[in-house]
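Single chain ahead, written as structure tokens, the form predicted alone.
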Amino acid sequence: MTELRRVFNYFTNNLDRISGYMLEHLILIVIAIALSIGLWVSLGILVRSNKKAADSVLGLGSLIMAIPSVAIYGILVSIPGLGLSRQSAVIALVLYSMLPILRNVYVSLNEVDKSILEAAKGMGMSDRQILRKVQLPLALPVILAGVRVATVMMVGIGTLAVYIGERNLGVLIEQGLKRSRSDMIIVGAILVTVFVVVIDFFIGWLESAAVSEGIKSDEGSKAGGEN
């Protein structure tokens, strides 16, 4: 009970500071995921019909994922013009989001039923119209699933950005370890966990709201047929 009281007291006594850390964490994630969606969805669309190019960029994404985040931060801060800055943190998060988003875009676009594409061509649609009106809407659930994975991952990796100058929830954990303050560590860990759960829930809700009822019905029918 004493430890719980210490944790509660630290949280209530430092609420303004903690709120600031949460806001900074949110801003970092929003900037990074917005850039990631624009960059990796566009790249996925560009390589969707080129397996060799897709294999190359997906291989690069896998390589980046294999590199520890601290090492990526270290490489970025050594680049002139970046250094200890938010730019370095954002670039690192964007790089880590490459594989889950790009892979889902590429796979989902290429798994659209060929008969549907042929029917669209038979209606006189151009390749661009087919992409915009047929492929992307059908691929949207899988694309959003990739965005969901990438965003949740960013929240955790973003805490380590404290070592390159970010002042987010990672500060609580980092300073708690330095000072042997378990109350700071616990508060930081709990808030990061809550952050992940809330963001995951929000993107799940967004995914449900963005996907048309027709696609949901088709997916339900397929699931029923498999069972």
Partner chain sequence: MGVERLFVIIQEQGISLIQRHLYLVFVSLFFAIIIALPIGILVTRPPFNRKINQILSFLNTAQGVPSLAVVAIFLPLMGVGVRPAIFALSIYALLPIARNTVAAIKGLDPDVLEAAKGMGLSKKEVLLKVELPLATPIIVAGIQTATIFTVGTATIAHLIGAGGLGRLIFTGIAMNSPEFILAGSLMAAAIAITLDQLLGLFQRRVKRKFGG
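As the structure is a prediction and not an experimental result, all values here were calculated from the model. Numbering follows the first chain given and starts at 1.
Only in words, not in the display: the form predicted together with the partner chain, which the text now covers.
J.: When you measure heavy atoms, are 116, 120 and 140 every one within 4.5 angstroms of the partner chain in the predicted complex?
T.: Not a single listed residue reaches the partner chain in the predicted complex, so no.
J.: Only one of 54, 33, 26, 186 gets a heavy atom within 4.5 Å of the partner chain in the predicted complex. Which one?
T.: Checking each option against the partner chain in the predicted complex, the one that comes within 4.5 Å is 186.
J.: Against the partner chain in the predicted complex, would residue 58 count as a contact residue? Criterion: heavy atoms within 4.5 Å.
T.: No, no contact at 4.5 Å.
J.: Tell me, yes or no, whether residue 110 is in contact with the partner chain in the predicted complex, where a contact means a heavy atom of each within 4.5 Å.
T.: So residue 110 does not count as contacting the partner chain.
J.: Report whether the minimum heavy atom distance between residue 77 and the partner chain in the predicted complex is within 4.5 Å.
T.: Answer yes; at least one heavy atom of residue 77 falls within 4.5 Å of the partner chain in the predicted complex.
J.: Check whether residue 144 has any heavy atom within 4.5 Å of a heavy atom of the partner chain in the predicted complex, and answer yes or no.
T.: No, no contact at 4.5 Å.
J.: Taking heavy atoms and a 4.5 Å limit, what residues of 172-201 are near the partner chain in the predicted complex?
T.: In sequence order, 173, 177, 182, 185, 186, 189, 192, 193, 196, 197, 200 come within 4.5 Å of the partner.
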